[in-house]
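In structure tokens, one chain follows: the form predicted on its own.
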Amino acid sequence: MSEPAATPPPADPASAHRRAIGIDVGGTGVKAAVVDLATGELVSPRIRQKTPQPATPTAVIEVIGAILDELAADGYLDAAMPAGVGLPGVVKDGRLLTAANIDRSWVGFAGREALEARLGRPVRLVNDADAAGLAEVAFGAAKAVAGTVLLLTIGTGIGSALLIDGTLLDSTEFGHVTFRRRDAEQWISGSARERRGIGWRRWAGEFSEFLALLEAWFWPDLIILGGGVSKEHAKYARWLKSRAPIVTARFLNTAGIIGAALAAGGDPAAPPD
């Protein structure tokens, strides 16, 4: 499933270093596009396919490969263009050390090597919420913001990125802190709200408790909300409470794609994969 974009860019070798492929692997969808690294703009269609179930490495890599095959067939890729892949878990040395909303077989799997073999290009792995943080600090709501910025992506789970004066502390995974005697995302993620059948007012009250917990630890100067739930901000904003100001992510659900591309393109703020 793709969205309209501009016509394919000309095959100009000099422009290759200014573009990279961003891939965002979520609990329900795998999304990808080509990103202009100078502006953060998508310069190809944004293509989305459903996340396979179970989301094993082999199945997810094949979906990613199919999406990039489509982009290549339509003239948006070149052989030198690197790819960044945002994954839901702690990323170290090209592998996941934890797996949230993705199959446990990813843990310890040589993901970077397998993706490079399938895609035939350099690949960099990054935590999915960290990717969103890179996008927001480069072009969005966290750009030029001094102090501590906390970004939370709320959807199937809860991802987090913590930035201090624009520098990312990678793989924080605050969605897995204990809240009401369970992983926070099991109680107050977007999917948990739907599963529990509660309205926005009650959800916002409980999410405010979660924010108070994080604020007591990190004292952020700004809180940014992204992910699928951020698109519904008007439905719950009046009931959210925090010490720090709360804003929505500029890029909402595309931040992961943009940030993954930035990581692939060598953004100095990106953590090593």
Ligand code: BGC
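We number the residues from 1 along the sequence you see. All values derive from a computational prediction rather than experimental measurement.
The same protein has a further form, the form predicted together with this ligand, not shown here; the description that follows concerns it.
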**Asked** So which of Leu162, Leu71, Ala192, Ala100 gets a non-hydrogen atom within 4.5 Å of this ligand in the predicted bound form?
**Response** Ala100
**Prompt:** Does this ligand get within 4.5 angstroms of any non-hydrogen atom of Gly89 in the predicted bound form?
**Reply:** yes
**Message:** Residue-level question: is Glu116 within 4.5 Å of this ligand in the predicted bound form, judged on heavy atoms?
**Reply:** no
**Message:** At 4.5 Å between heavy atoms, is Gly157 in contact with this ligand in the predicted bound form?
**Reply:** yes
**Item:** Arg121, heavy atom within 4.5 angstroms of this ligand in the predicted bound form
**Value:** no
**Request:** Counting only non-hydrogen atoms, choose the one of 142 to 150, 107 to 115, 127 to 135, 195 to 203 that falls within 4.5 Å of this ligand in the predicted bound form.
**Result:** 127 to 135
**Prompt:** Going through 184 to 209 from first to last, which residues have a non-hydrogen atom within 4.5 Å of this ligand in the predicted bound form?
**Reply:** Glu185
